[in-house]
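For reference, the chain that follows is the form predicted alone, supplied as structure tokens.
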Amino acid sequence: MLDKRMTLAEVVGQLQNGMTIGIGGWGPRRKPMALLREILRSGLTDLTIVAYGGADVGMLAAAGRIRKLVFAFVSLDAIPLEPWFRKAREAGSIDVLELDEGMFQWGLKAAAFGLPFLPTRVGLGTDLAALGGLKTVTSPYDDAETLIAMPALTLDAALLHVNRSDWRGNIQAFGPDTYYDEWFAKAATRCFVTAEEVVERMEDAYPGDTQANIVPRCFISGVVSAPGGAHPSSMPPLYGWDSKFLKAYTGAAAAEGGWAAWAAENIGATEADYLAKVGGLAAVSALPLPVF
């Protein structure tokens, strides 16, 4: 079988300027931040990013890597509006397609099913369809209902962070917020995952957790071992988000020197440098999970 193990640099080497890239996770939870940092270390730019956004979107926007953003929200949860995204949006430096969360999900599913669009009632009666240039269709049945035709959100690549994987791409993801990672993977031509742990054979290492395999391995193109790779977002049940880090990160949006100064201090030349900067894997693992 194909060995899908890769490095962060090898994954980013598979990406190209101008691609449409979907980023899994949900706000400040389960984000593939190790891959995002590797993108920031590269020259990759002119991207269309599709995400339920958090610091991933904020950092890419601040670094000028986003041409267009397709999003349902961009939030750090306890910090409701991601400040670097807000600066980019207010400056008009990125094109946007803002969607309701349900419309966003329907767009990923249309792409996964190989359809040009899916009809939905979500968004009717709002300005989202008109602002996004979305069209309507009429039901061909007796009801003749008018529905929004949500276009497929087809991705060149999807990036996910999961709890476990093996070298064949069998993955396991835990926590209450796996949400739509399955649909990011299936909407994409290729899906790359980072994992807190990479084992030899999942069925041998964790035979009792097969229900946590949210995406069949045929959709996974590459696997990277990246313990702590979701930091500063959370990775249930292993660690929570880093509130201190996120407060400093958001504060820098209003500080002298802006993004360039913050990135030079905090991104690091390698992922090992980054983890050392934030106190190492032990410090990340000690971050308490948020309580809602």
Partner chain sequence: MATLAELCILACSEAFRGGGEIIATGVGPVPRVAAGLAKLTHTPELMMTDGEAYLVEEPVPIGPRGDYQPKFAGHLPFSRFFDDAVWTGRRHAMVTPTQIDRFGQTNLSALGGTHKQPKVQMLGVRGFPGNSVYHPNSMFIPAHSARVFCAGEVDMVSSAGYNPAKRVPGGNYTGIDLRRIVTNLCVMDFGGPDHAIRVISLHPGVSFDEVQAATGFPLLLADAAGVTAIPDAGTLAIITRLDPHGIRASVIKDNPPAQRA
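Given the structure is predicted, the values throughout are model-derived calculations rather than measurements. Residue numbers count along the first chain shown, from 1.
Just so it is clear, the following notes concern the form predicted together with the partner chain, a form of the same protein that is not shown.
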Report task. Could you tell me if all three of 72, 94 and 102 have a heavy atom no more than 4.5 Å from the partner chain in the model of the complex? Result -> yes
Query raised in the report: What is the one choice in 156, 197, 209, 98 with a heavy atom within 4.5 Å of the partner chain in the model of the complex?
Result: 98
Requested in this report: Spell out, yes or no, whether the shortest heavy atom distance between residue 205 and the partner chain in the model of the complex is within 4.5 Å.
Outcome: no
Query raised in the report: Is there a non-hydrogen atom of residue 110 within 4.5 angstroms of a non-hydrogen atom of the partner chain in the model of the complex?
Result: no
Query raised in the report: Taking 4.5 angstroms as the cut-off for heavy atoms, does residue 176 touch the partner chain in the model of the complex?
Result: yes
Query raised in the report: Does the 4.5 Å heavy atom contact test between residue 180 and the partner chain in the model of the complex come out positive?
Result: yes
Report summary line: Among 127 to 135, 217 to 225, 185 to 193, 161 to 169, the stretch whose residues bring a heavy atom within 4.5 Å of the partner chain in the model of the complex is 127 to 135
Query raised in the report: Does any residue in 256 to 292 get within 4.5 Å of the partner chain in the model of the complex, counting heavy atoms only, and if so which ones?
Result: 291, 292
